[in-house]
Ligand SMILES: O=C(O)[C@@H](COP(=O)(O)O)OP(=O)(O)O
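Only one chain comes next, encoded as structure tokens, the form predicted on its own.
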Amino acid sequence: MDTAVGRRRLREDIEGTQGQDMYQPECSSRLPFSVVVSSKSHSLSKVSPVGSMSKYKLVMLRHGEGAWNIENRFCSWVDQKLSIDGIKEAEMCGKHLKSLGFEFDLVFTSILSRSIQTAWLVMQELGQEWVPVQSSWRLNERHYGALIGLNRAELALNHGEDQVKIWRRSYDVAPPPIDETHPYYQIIHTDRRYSSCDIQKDTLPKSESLKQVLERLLPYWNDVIAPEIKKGKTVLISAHGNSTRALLKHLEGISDTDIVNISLPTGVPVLLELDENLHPVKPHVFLGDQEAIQAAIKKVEDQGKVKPTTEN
């Protein structure tokens, strides 16, 4: 798909959109373990009043690094296994969660291998392989349409970094849709795993904005995941960058403007402490080493920038 023909087709489909405003750092204190608060602040309309008690803990996780993460390509619904480093990330995540004393009652994943494999490795390190796992397409990564398989830095070079950021991070802008001429169309849309979804196979998305990801995720959250949390179960969601961003937006009430600047590194657990109504009592936090996580976040943000050229 990294061809002049593919790039020309994308140029024809580009719609003009406006960029989003950046926002400023914010910190949280008195947390009883090693965490990193999101590196950029955002207004949270759903956070409970100061003094509200934490009743539930929800841990969300973007899967470990995959092969196409290394190549800086849009993977989306193409099924990929973890890279060697991705396996290490998942194992380290499990070790860290174990050191913090987490005991899970239920695990949710997408139906993509990198999400499932990450969950397996985390639970193995925790010594909790017996915990039930449920998988749903509704936790899948965002469908990137015609961008699937393309290199982000090359797209930035051809279409501009602002346009690529809109495609990657905006709330209501969907990339150009995939069609039957796309080299990965048949691989994705004839995959047997999508025959068992709760909607007809021919109605599965061909491209999605983050808003559309949230719309297909919310029924699963409301009908399946949330009731389990309200029963007192400690839940781990091993999913993807955009399905996790969408759920964070919903739970924390992050604005359409601010969500553009939320980036999630691979293999880093995100903790949300929730009250009895499943409203967060404080902003989400990344569990782990602050310096390493901030470097990983910057690496994710830089994926959509033009690759610097080296001079001899």
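Numbering starts at 1 and follows the sequence shown. These numbers come from a predicted model, not from an experiment.
Just so it is clear, the following notes concern the form predicted together with the ligand, a form of the same protein that is not shown.
Engineer: Give a yes or no for residue 169: in the model of the complex, does one of its heavy atoms lie within 4.5 Å of a heavy atom belonging to the ligand?
Structural biologist: Although the ligand is absent here, residue 169 would touch it in the model of the complex, with heavy atoms inside 4.5 Å.
Engineer: Quick one: does residue 108 come within 4.5 Å of the ligand in the model of the complex, counting heavy atoms only?
Structural biologist: Close contact is absent here: in the model of the complex, residue 108 is far from the ligand, nothing within 4.5 Å, heavy atoms only.
Engineer: Is residue 205 one of the residues lying within 4.5 Å of the ligand in the model of the complex, judged by heavy atom distances?
Structural biologist: Contact check for residue 205: no, nothing within 4.5 Å of the ligand in the model of the complex.
Engineer: Answer for residue 69 alone: is it within 4.5 Å of the ligand in the model of the complex, judged on heavy atom distances?
Structural biologist: It does: once the ligand is placed as it appears in the model of the complex, residue 69 has a heavy atom within 4.5 Å of it.
Engineer: Which one, 283-291, 270-278, 250-258, 56-64, holds residues whose non-hydrogen atoms are within 4.5 Å of the ligand in the model of the complex?
Structural biologist: Heavy-atom contact with the partner occurs in 56-64.
Engineer: If you check 153, 229, 75, 123 against the ligand in the model of the complex, which one has a heavy atom within 4.5 Å?
Structural biologist: Looking at 153, 229, 75, 123 one by one, just 75 meets the 4.5 Å heavy-atom criterion.
Engineer: Where, within 90-116, is there a heavy atom within 4.5 Å of the ligand in the model of the complex? Residue list please.
Structural biologist: The stretch touches the partner through 114 alone.
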